[in-house]
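Heads up, the chain shows up twice below as structure tokens, two forms, tagged structure 1 and structure 2.
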Structure 1
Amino acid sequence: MNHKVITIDGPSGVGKGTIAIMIAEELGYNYLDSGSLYRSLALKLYEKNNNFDEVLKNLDYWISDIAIDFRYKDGQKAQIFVNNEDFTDKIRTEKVAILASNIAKDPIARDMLEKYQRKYLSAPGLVADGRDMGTKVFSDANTKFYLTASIEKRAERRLNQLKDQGISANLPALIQKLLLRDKADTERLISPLIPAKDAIIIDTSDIDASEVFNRTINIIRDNLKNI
């Protein structure tokens, strides 16, 4: 690998996106949110042709003119632009989640999207967060992290996010939804959610983002000294 890569994997609600952006800002690295990438690609493809069977038969053609940028500032949530159109809010719907899952479960499409994700790798380096960044997409990354947290804490964080967006929800329902997502992620045959063998595991249940950032950035800086 010619460029430095840091991967941050983990389930929903562990704070991996927040930490990834903080690290990318600190180091001046590029940033990849693989979950939002799948959603953005799925929605754009659907807008171009809602016949996904046809799209998947010739995916390289359909994605050839799609460019997705992640823009962020001062540690805030990344804004997602597709061909310079703001998709940040558009991709946060259940419909888009289903579209993305239809693409993600196709092995040929997943291989092609892995190549698409690797296009984000450029100087001076990349911070990539997702569920198979360290195990599959960037398996030769310089530094790998796997964040985890209790199901209760993760649901609580998700509840607060929804409240901030003006969306009503209840904790028990969110816990069940996260459990179902965890089951699907960890039991799927293609790129299941598991820690990479050389990943550093950090439980974020009882620590805030600043402490997680301090831990990760110190480890990264030590590793960079040896590269």
Structure 2
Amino acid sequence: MNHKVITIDGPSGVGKGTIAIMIAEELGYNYLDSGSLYRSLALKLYEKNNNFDEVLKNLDYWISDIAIDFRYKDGQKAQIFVNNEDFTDKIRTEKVAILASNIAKDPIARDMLEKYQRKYLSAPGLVADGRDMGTKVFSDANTKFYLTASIEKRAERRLNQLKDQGISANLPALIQKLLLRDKADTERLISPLIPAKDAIIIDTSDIDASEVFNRTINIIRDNLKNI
């Protein structure tokens, strides 16, 4: 059991990122947004060749010269760089999310990104959010959460996030895109999106971030006491 890792999995729009950052700040732990790695890899591949069927047939070749890294500036959110180019803002669109979900079904891409993800496991601890943090990448984590919410609430939250980033979207179209992504993420053969057997499931449809934070941090503190 790894007592210093907390995993938060779930589909888009359940509040994983917000809660993971709140917990990481509270405990002084590192934070890993694994989705941003999938988004960055997918966008870079798309820029190289927008025919994904072709890319997926020979992924080893297409990813061979791609390097992704996070850079931290004091007091600022991590920025993500691909081959030294800042990808932080341009990976946030729904189009890139769908590309990411497409790439995420490939074992070569998952292997490459799993190695990146493991590098984040350093002292004093890690809060990792994504789709397979508790089931695969950090399956020995001591405290695992799986967040879920109604599709309407998730789409509303995504809509507000996109608006805050100056990206326009409409609710019915966003619902369709989220459903499409859920299908791809839950039905893929490797590391599909499912709750880990030992994950605590929290439905965030009718509770706000501070309530989810209170519930999760109390569970984490109890678990840490029992080490």
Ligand code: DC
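Numbers given to residues start at 1 and step along the sequence of structure 1. The term rigid core refers to the most C-alpha atoms you can superpose between the two forms while keeping them within 1.5 Å. This is a predicted model, so every value here is computed, not measured.
Structure 1 is taken from the form predicted on its own, while structure 2 is not. Assignment of C-alpha atoms to the better-fitting superposition places Leu147 and Thr88 in two different rigid parts for the change between structures 1 and 2. Of the two rigid parts that make up the chain, the smaller rotates 31° against the larger between structures 1 and 2.
Superposing the rigid core and comparing between structures 1 and 2 gives a CA shift of 4.3 Å at Ala97. The shift recorded for the CA atom of Asp106 between structures 1 and 2 is 2.7 Å, with superposition on the rigid core.
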